[in-house]
Ligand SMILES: Nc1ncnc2c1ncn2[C@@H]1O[C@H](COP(=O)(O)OP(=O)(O)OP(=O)(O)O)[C@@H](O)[C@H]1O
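As structure tokens, one chain now follows by itself in the form predicted on its own.
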Amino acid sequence: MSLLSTKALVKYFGDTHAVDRVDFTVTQGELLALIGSNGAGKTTLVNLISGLLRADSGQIHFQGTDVTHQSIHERIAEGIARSFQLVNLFDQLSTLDNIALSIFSREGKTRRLFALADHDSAVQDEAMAVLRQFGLEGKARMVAGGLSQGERKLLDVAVAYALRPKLLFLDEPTSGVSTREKAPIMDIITSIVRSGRITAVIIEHDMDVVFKYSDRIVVMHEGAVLADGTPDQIRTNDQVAMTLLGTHV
């Protein structure tokens, strides 16, 4: 069943067709990888879906509802959340308080958004449970700015996860971390999203990560969808190999 779909979605920046009449679907329960060279339109597409950018034309439907003109906060309330390639954390606050702020935001407690989690035991308990899932419980009192890059990546995903999304976009979840950290990070993330029955879309340049963890792969090129298929279908797609790698399969 389709959870999200776009129809003829368009976003131009001057003469650049960043997203050019894109039809894009995400199926309930899958882990989809969105790949392509730099400038292919991947992040712009996710920014349109999550509400960071407004589409020039086209439609976005989520769970059967037209969300094309909804605000970011309305889309979060509907169940769309995302992490960022450049980690988006409050570095001077503890890891626990970063999660707590996400929970406060989710519950509409904007009045108390900058209160410490210690003042709300229910929020503190939930925040600790989220940190435990991501293997960060031992760093609960550490300021986010003191975490390693891999831990910061996990915390950024945990902040988005604490919003209790139905659809989670993960922008380059392994960028900037060492090769040996990539598999443990992805093992944690995929285990959590699958056990929580969360549908996830990862934007990723590391093809080892893409082919190992995704159920389906969508390839973008010059603002359009070039290919869509299983990892095996994409791996043997000559057009994808020529476009991304400059070589035949």
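We number the residues from 1 along the sequence you see. All values derive from a computational prediction rather than experimental measurement.
The form predicted together with the named molecule exists for this protein as well; it is not shown, and the discussion that follows is about that form.
Checklist entry - the named molecule isn't shown here, but in the predicted bound form which of G196, G29, P184, G39 has a heavy atom within 4.5 Å of it? => result Going through each option in turn, the one that passes is G39.
Checklist entry - Just one of S50, T43, T190, Q70 has a heavy atom within 4.5 Å of the named molecule in the predicted bound form. Which one? => result Checking each option against the named molecule in the predicted bound form, the one that comes within 4.5 Å is T43.
Item to check | Distance check, E126 to the named molecule in the predicted bound form, heavy atom within 4.5 Å | outcome: Output for E126 is no: heavy atoms all beyond 4.5 Å of the named molecule.
Item to check | A18 within 4.5 Å of the named molecule in the predicted bound form, heavy atoms | outcome: It does: once the named molecule is placed as it appears in the predicted bound form, A18 has a heavy atom within 4.5 Å of it.
Next on the checklist: With the partner left out here, check for me: in the predicted bound form, does some heavy atom of H61 sit within 4.5 Å of the named molecule?
Outcome noted: Answer no; every heavy atom of H61 is more than 4.5 Å from the named molecule in the predicted bound form.
Checklist entry - H205: heavy atom within 4.5 Å of the named molecule in the predicted bound form? => result Yes, H205 is a contact residue.
Item to check | the named molecule in the predicted bound form: contacting segment from 209-217, 30-38, 176-184, 61-69, heavy atom within 4.5 Å | outcome: Of the stretches listed, the one contacting the partner is 30-38.
Next on the checklist: Only counting heavy atoms and a 4.5 Å limit, does any residue of 164-183 reach the named molecule in the predicted bound form, and if so which ones?
Outcome noted: If the 4.5 Å heavy-atom criterion is applied to the named molecule in the predicted bound form, 164-183 yields only E172.
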